[in-house]
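To begin, one chain is listed below as structure tokens, in the form predicted alone.
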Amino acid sequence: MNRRTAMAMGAAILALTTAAACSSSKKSSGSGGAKTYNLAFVQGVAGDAFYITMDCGIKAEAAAEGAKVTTQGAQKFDPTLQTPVLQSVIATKPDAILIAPTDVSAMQAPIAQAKSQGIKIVLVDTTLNDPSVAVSAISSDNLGGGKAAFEAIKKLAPGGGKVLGVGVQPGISTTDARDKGFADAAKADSKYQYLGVQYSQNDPAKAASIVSAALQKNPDIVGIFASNLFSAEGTATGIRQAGKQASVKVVGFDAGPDQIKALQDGTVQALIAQQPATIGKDGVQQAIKALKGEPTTPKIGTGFTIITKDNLTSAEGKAAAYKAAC
């Protein structure tokens, strides 16, 4: 073999080696040659402190796992608005989608479509009539949270009286469970008269209007349970407009900045805070396990913290408050 032939063979070997290296780098990326998974988070609604805090938990855990995350959400908690958002996410072909369905029925088919594309599904916060489409469903103990809200009102208004629920809209798994937990507990106590639940459609202005009208009709209401962030915000406004801060005790669900301020101002006396960051963290872990072919946990429940003025500035209270930004 002459020198020219040897050089040609060397160049060929180098080219093959380089090609193999490039091919290998395209097949895998991330630490230790592990695949970098692309995850998508579809929020229940954009701009909600609960989902912002969940997004923070998702991003932190994804970074720890070497995964990438994109986040999208509609401007209202509405399946007709969430469906096109989900469809646009499906078109990007992520490895997994973490989604908070805005309706137990209406979002069933769109989410099933995502699964049919080979995308792993994790339900976070809310769920579906048939959650088997997902590798895992993660949420708070919402029924227990509703019962805890009534117990908080009992402590605030121990003499009994009329109580009202301000919900979001029928068909949302989480708030339906909270409303039921509160209603069941209130109906079981003869000292209290349950006035039912009215729905704000996730609109603080409508919640304020509901509360104003309810207080005009029943000025002797002693307690109101608002089952989500926007309902609590509007409830606080309605009570303030009616000048009933001293006589009506309010328990809100969620602990966004507006709810914390209402607690500080004394318009709301207690908040049932979920653990959205933990839900997000668990969601990423379950998605990664599914993508790796590892066993997943079909259903995961997270707890909640009752925040009052007494523990608001404690380590527990500060940790439970939601974030306005990561």
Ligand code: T6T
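Residue numbers run from 1 along the displayed sequence. On a predicted model such as this, the values are computed, not experimentally measured, just so you know.
The same protein also exists as the form predicted together with ligand T6T; that form is not shown, yet it is the one meant from here on.
Engineer: Decide whether residue 235 counts as a contact residue for ligand T6T in the predicted bound form under a heavy atom distance cut-off of 4.5 Å.
Structural biologist: Looking in the predicted bound form, residue contacts with ligand T6T do not include residue 235, since no heavy atom lies within 4.5 Å.
Engineer: So, in the predicted bound form, is residue 192 in contact with ligand T6T at a 4.5 angstroms heavy atom limit?
Structural biologist: Judged by the heavy-atom cut-off of 4.5 Å, residue 192 is well away from ligand T6T in the predicted bound form.
Engineer: Might residue 179 be said to contact ligand T6T in the predicted bound form, defining contact as any heavy atom within 4.5 Å?
Structural biologist: Looking in the predicted bound form, residue contacts with ligand T6T do not include residue 179, since no heavy atom lies within 4.5 Å.
Engineer: Counting only non-hydrogen atoms and a 4.5 angstroms cut-off, does residue 48 reach ligand T6T in the predicted bound form?
Structural biologist: Residue 48: contacts ligand T6T in the predicted bound form.
Engineer: Which residue, 229, 134, 251, 211, is the contact with ligand T6T in the predicted bound form, using a 4.5 Å heavy atom cutoff?
Structural biologist: For this set of options, the contacting one is 229.
Engineer: Could you tell me which stretch in 203-211, 184-192, 221-229, 103-111 has residues with non-hydrogen atoms within 4.5 Å of ligand T6T in the predicted bound form?
Structural biologist: That would be 221-229.
Engineer: So which bits of 265-304 sit within 4.5 Å of ligand T6T in the predicted bound form, heavy atoms only?
Structural biologist: Result: 274 alone.
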